[in-house]
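Two forms, one chain: they're shown below as structure tokens, one block per form, named structure 1 and structure 2.
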Structure 1
């Protein structure tokens, strides 16, 4: 029986663009939180809300009943969990480990097995919704692991988003997130190309968007990111370099399954150009930069 209550102490690792907001919601709900980040300054706002700083992921695991991680790349996840001062070094029997980073399904399964060997539990729980979803606690959370553990943790995850769905065994959450990223990739190029076409056709782009948002083209990207493109605001809700990482994982997983994803492969190449142009730290809607370059157009 896994018991997680409002008095359960939570360890939080990773306080970036999304992680800081997500952890902040837990603090505001009254949870006791210990926090670690490679750069302590990025945890300052959480410490101000009452989080206690610890010096390593292992220390967070030693002091918490639940540890949630939200870092950048698969290599970061591996270091956070398997490093000398990693989460697994400090995890106690019964501790629940939840990686909310988007990473490889195979790595999620590896963490699950290593946790089980220590008498702990592990879930993979990547999220969708970007910086806005994180700030507004409106994330969609896709979870893989054991259902009993998921049900025990559901109230905690629900603080960060209303759509918390159990996908299946270890790694299933990450595979569901790959499906999410494939849709986003195709949608993003469609939105950007629509804006380019409309601009060249001499349309008022705000007026054009007011029409297509209400039809079959309606989507989150049109509502949230098209306005940022028109304002030339390419600041990140989700980094280009992280999205390229996600697409690469999806393409590699697809190759292993014998699935051809030519649309995703094309968008991956275009985003590689975005990074080459120096926009890797910008938001995913900076895809417009690469497409503008191809047509010698700037909105």
Structure 2
């Protein structure tokens, strides 16, 4: 029986753009939070909201009944969990560990097993919705692990977004997130190539979009990112570097499962060019830059 109550102290690791917004919602709901981040300065706004600083992930886990982590890359997740001062070093029997970073399904399973060996519980719970979704508590949260643990954590996760879905055993949340990213890889190249074609064909692109955005070509990318591309606004949104990390994970997993994903592989390669051109810290729609470079065209 896992009891999570409004009195349960929460440990939060990772206070980047996403993590700071997400943790802020928990604090505003009245949860007591201890917080750790690699760069302490980034935790300042949360400390202002009442979070208590601790000096390591292990210390957070020692003091909390639930530990949520939202860091960057799989290497960061590994360090946060398995490092000398990591979450697992501090986790007690019954502690619930929730990694909300998008990371490898195999790493999620590894954390699950290591937690179980200490009598603790683990969920993988990556999110989609980006910085805006995090700020507005409108994230979609995809959860893998034990259903009982999921049910216990659902009220806490629900504070960060309305669409919290149990996807199956450990790693299933990560795999659902990969499915999300694979679709986006497709919509992104479709939208960027369409704009490039339309531009070279001499169309007024706003007018073109007014014809196609309501029909079978309709997609979030066309609605939200095409207008930003036309304004040459490539600020993130969602970082190219993080998307490339997600695609690499999906491709490696797919290879292990014996599934060929030629579309994803192509888009991944084109994003290598996006990074080569210096747009790694820009938004994902900077894919447009690689396609423009490829044909020596600029919208």
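The term rigid core refers to the most C-alpha atoms you can superpose between the two forms while keeping them within 1.5 Å. As the structure is a computational prediction, the values presented were derived from the model and not from experiment. Numbering follows the first chain given and starts at 1.
Remark: structure 2 matches the stated condition (the form predicted together with a further copy of the same chain). Splitting the chain into two rigid parts for the change between structure 1 and structure 2, with each C-alpha assigned to the part whose superposition fits it better, puts residue 64 and residue 12 in the same part. Comparing the two forms between structure 1 and structure 2, the rotation angle of the smaller rigid part against the larger comes to 9°. A C-alpha shift of 3.0 Å is found for residue 214 between structure 1 and structure 2, based on superposition of the rigid core.
Relative to the superposed core, residue 201 moves its CA by 4.1 Å between structure 1 and structure 2.
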